[in-house]
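Quick heads-up: it's one chain on its own, the form predicted on its own, in structure tokens.
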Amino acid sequence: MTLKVYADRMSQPSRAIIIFCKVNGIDFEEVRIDLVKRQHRSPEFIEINPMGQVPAIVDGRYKLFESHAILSYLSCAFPGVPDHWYPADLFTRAKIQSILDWHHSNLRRGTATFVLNRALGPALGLPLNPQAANEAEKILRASLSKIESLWLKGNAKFLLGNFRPSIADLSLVCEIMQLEVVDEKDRDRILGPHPKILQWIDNVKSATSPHFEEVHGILYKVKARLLGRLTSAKPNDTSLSMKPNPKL
């Protein structure tokens, strides 16, 4: 049976799963779960993932959620996936796993909260919260500094000094790419001081081309819509009078 990937491409971890499958030639069916329409809360999807979050997969009778677990499973379950994604070497694999564990409470926490309160909130029916965005930016900046100082030392192309990407590289870079939907000045202010991060992002893009840009295309479309709405909004209007857009 064909692997089914339940995802919304506006979701950072959803994009990571889709890109991974495409890059590694894994035959799969992408089932869109529209977060704006709250399809992730439908009874049908809750049967697949009781947590009501994307991504999730169904492989025959096997159901699995949580993107890092899915990436680990796909790396091991499908023949032909190169070892560099999730190496068989126990020590290297444990290092990759430690980065993935760190990701959720640091980089994810900072990036997702910042983007939600700086740009995406109104599209989901939520007001922008400048104070929350400022606090999240501190976490995001600290996370980027940690990545550079701990895992991108010297002239490393990928995390841990590896010459080819792992599932940690893909997961973390997809997270950072969410900054594409915020104002260019915000993005440049945050990423500008981190040339190693910018080069690393380019390295991951190149290693997963052309699928990386294709899957991230939705971010550029959403950014254009958000900027149009921000331009027409009244100054200091944090609600933007925006209703959820089913096309986002």
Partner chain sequence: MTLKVYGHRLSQPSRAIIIFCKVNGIDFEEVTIDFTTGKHRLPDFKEINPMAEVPAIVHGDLKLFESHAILCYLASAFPGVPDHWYPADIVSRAKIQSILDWHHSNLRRGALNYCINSALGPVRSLPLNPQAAIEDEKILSASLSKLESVWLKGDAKFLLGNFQPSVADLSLACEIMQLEVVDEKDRERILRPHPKILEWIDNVKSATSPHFEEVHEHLQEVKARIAFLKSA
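Numbering follows the first chain given and starts at 1. Being a predicted model, the structure only gives us computed values, none of them experimental.
Just so you know, the form predicted in complex with the partner chain exists too; it's not on screen, but the next bit is about it.
The single contact residue among 84, 141, 109, 157, judged by any heavy atom lying within 4.5 Å of the partner chain in the predicted bound form, is 109.
Proximity of residue 223 to the partner chain in the predicted bound form falls outside the 4.5 Å heavy atom cutoff. In the predicted bound form, residue 105 approaches the partner chain with a heavy atom inside 4.5 Å.
Among heavy atoms of residue 198, none comes within 4.5 Å of the partner chain in the predicted bound form. Although the partner is absent from this view, residue 93 contacts the partner chain in the predicted bound form, with a non-hydrogen atom inside 4.5 angstroms.
Only one segment in the set 205-213, 180-188, 58-66, 22-30 has residues whose heavy atoms sit within 4.5 Å of the partner chain in the predicted bound form; it is 58-66. Taken together, the three residues 12, 34 and 38 all stay farther than 4.5 Å from the partner chain in the predicted bound form, as judged by their closest heavy atom.
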